[in-house]
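Form predicted alone, single chain, as structure tokens, below.
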């Protein structure tokens, strides 16, 4: 197997000192328990693929695709190894060698055919002219009622958004290893979204607009916080930090300040802020390994239930979907459960 993408990160792989600090809160290690489930093992697998000491097989590929790319390992790594970059490069070389899943291929084909990961050809959010470019993203384009609520919140707070006939930012192509497709997609994205700055709805899109397209992206909660009035909801809530929010964007305080300004009591989970536990929805495993995703989400929902809060609040539509399913599952198992809401539901309720 050619390893052109991994070769660019050869020195980075040498830096890993095999200390295993990355094991501590890795969601996949916790659920599956093998060394190759964690960052250290995946770096070793990647190094073996690059040197040719390890043959590219479906089993190796499956291991490297069993990662939520949550970034917790990089927070803990004393050598500052960019583990997610190594895993993404290994995936790219494996895809080129023919080791991609049918599920991921369908998602990428959907983006190429329709401009979004779901293959939707109708619906979405109507465009409009305003003062501030807004990037909605695939997840929110597929949830028009939720997105319209967010747009109305912005309008109530005096933020006039420009909405384009956008296409996917291309992050799924990048993280799932379809780098050639992403290179072609970049021009399509730029034509659909020619702005140099934007406010965004999805945490992952926010990161990728910055890193993949050099757009000065700012999440809309940062804009909302500046103008949000005091509320009086009187609820006890706990907050789930999406990985791309807390570790990717370092947006930790803003959602908490919004929750408190809405008049809610915030009760922190055991794992929180930049040490937050992953919900299990990232890195492609929600599409290709539903069982693993479900197991990871159950761990997180039980942390939320243990706080005694009424509502679990998050700021990511993927996290919301995954954790709602987990809340339903623990209820069916006869355990205590919790209501899961996106933060815009609380903001909307307070503004009404």
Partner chain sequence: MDVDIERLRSIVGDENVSDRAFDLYVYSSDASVHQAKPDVVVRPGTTEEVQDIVRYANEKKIPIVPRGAGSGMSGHTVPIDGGIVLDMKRMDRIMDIKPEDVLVRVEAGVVNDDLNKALKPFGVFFPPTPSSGNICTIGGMIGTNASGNRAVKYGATRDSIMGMKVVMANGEALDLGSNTIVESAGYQLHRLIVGSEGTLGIVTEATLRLAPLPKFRMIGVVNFDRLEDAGNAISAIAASGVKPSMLELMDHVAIKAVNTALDMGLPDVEAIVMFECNGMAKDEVDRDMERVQEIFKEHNGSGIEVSDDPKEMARIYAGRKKLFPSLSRYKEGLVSTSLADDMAVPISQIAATIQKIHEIAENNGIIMSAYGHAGSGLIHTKILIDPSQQSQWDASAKAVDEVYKFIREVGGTTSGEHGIALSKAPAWKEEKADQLETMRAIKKALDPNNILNPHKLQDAPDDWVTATDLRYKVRG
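Residue numbers count along the first chain shown, from 1. Here the structure is a predicted model, which means the values were calculated and not measured.
Beyond what is shown, the protein has a form predicted together with its partner chain; the following relates to that form.
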Though its partner chain is not shown, can you say which of 287, 45, 298, 309 has a heavy atom within 4.5 Å of it in the model of the complex? 45
May I ask you to check whether residue 85 falls inside a 4.5 Å heavy atom distance of its partner chain in the model of the complex? no
Residue 335 within 4.5 Å of its partner chain in the model of the complex, heavy atoms: no
Quick one: is residue 105 in contact with its partner chain in the model of the complex, heavy atoms, 4.5 Å cut-off? no
Spell out, yes or no, whether the shortest heavy atom distance between residue 109 and its partner chain in the model of the complex is within 4.5 Å. no
Out of 323-331, 45-53, 290-298, 309-317, where are the residues with a heavy atom within 4.5 Å of its partner chain in the model of the complex? 45-53
Going through 1-30, which residues have a heavy atom within 4.5 Å of its partner chain in the model of the complex? Please give them in sequence order. 10, 11, 12, 14, 15, 16, 17, 18, 19, 20, 21, 23, 24
